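Just the one chain here, laid out as structure tokens, in the form predicted on its own.
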Amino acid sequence: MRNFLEQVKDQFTADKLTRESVVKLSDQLDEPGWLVERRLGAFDLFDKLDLPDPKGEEWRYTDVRRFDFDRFEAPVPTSSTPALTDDLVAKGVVVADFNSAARQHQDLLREHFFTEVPVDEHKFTALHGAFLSDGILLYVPPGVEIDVPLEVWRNVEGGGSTFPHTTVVVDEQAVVTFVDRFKSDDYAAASLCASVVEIEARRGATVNYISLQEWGRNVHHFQTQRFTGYRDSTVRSLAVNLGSAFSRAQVESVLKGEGSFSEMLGLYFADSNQHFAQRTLQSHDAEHTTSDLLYKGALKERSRSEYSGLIKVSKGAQGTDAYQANRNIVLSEDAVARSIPQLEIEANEVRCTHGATVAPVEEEHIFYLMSRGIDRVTAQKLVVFGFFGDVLDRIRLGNVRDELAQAIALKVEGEQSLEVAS
């Protein structure tokens, strides 16, 4: 028997991103009143907010002021909930799409939905709050360790839109790994994804979160990820950007508990005229917290990237240890990479270091390899793999590491002829 969302999808006719479409979506999902009110409030915010200004630090070099929302249709209801074994359910693990959670776990959903990422953060989070279409709620009870990674697949059709939301709450001493996959075919019509991720790691919890963005070439991708770590917690994140026409990922780690730790890894490879923009925040709000960030990117042909990263140490957060590094290699004269590392420190007993590099592949390195009988593409591949090696080596899931290695090889080998939409 088909589930509720599958039945709704058959009856759904997509409209543009209007207030009427919000009401229609909510009605067809038969949502409770409080959720309808939140959707409509978010749309009203979206309607009032201006698009982000590139004069501000967070969106510098990323000008979206002419972004045309009228190109996209409203989302079709979908669900990407991962399956769970009976023993995990018996231990109290909750994993549900938002429609099911609103019926069966309403208190849990209301407590954590849009709490870490405010709906009014910017115009795209407000739009997301109005049209949320593929939400997942995961709760892991105290002391429960989930050994097998939980994975979900997000999709979008040409001309359409999707607004996935991931809420993960990991209770004390619990452990989980969550993989978000964003993948679609190459469509001629432009598509839109505006995604929000909220992850809470309570005392002593360990969370591993991976975002794999491999959208088709005409998708515009906006994502906000925020991780909150409490006392002695560990949060590891990996943000991968390979697909889409344009991708803007905002990844933030907020360490609120003493002894909490955050590892933030990023890997991106742009070609053709792809444009990747990334903003990170390492926020230290308690004593003796540690964060370690390493973002690496490669660019070829006419692609461009921007990285802006901030280490922020609050007053009283003594004993902070924070490291931030962004490294870029450029494989063509027309590709452009920009990097802006920043520090904002209000405590005096800290150790904070940051650095950024943008450099072309050294031709003498390629020549050295070719002089030993290696063709040029293979030589470039070896150099690129050497560059990405320290990120790949820190990826704990072997299948993800192997997939990325294959994707990187294809990026080096292929000369992209497809022009993506602006």
Partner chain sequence: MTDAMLQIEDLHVEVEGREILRGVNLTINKGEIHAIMGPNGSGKSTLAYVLTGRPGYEVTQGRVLYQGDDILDLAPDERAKKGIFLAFQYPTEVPGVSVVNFLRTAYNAVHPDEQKSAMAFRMYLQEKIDLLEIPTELVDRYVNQGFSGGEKKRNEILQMAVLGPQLAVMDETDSGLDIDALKHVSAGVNKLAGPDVGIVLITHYQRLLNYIRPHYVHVLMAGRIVKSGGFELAERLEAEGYAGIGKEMGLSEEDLAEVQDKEGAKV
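Please read all numbers here as calculations on a predicted model, not as lab measurements. Positions refer to the first chain, counted from 1.
A second form of this protein, the form predicted in complex with the partner chain, is not displayed here; the remarks below concern that form.
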| message | I need the one stretch from 23 to 31, 374 to 382, 45 to 53, 61 to 69 whose residues put non-hydrogen atoms within 4.5 angstroms of the partner chain in the predicted bound form. | response | 374 to 382
| task | Give a yes or no for residue 365: in the predicted bound form, does one of its heavy atoms lie within 4.5 Å of a heavy atom belonging to the partner chain? | result | yes
| field | 4.5 Å heavy atom contact, residue 386 and the partner chain in the predicted bound form | value | yes
| query | How about residue 370: is it within 4.5 Å of the partner chain in the predicted bound form, going by heavy atoms? | reply | yes
| Those residues of 78 to 104 which, in the predicted bound form, come within 4.5 Å of the partner chain by heavy atom | none
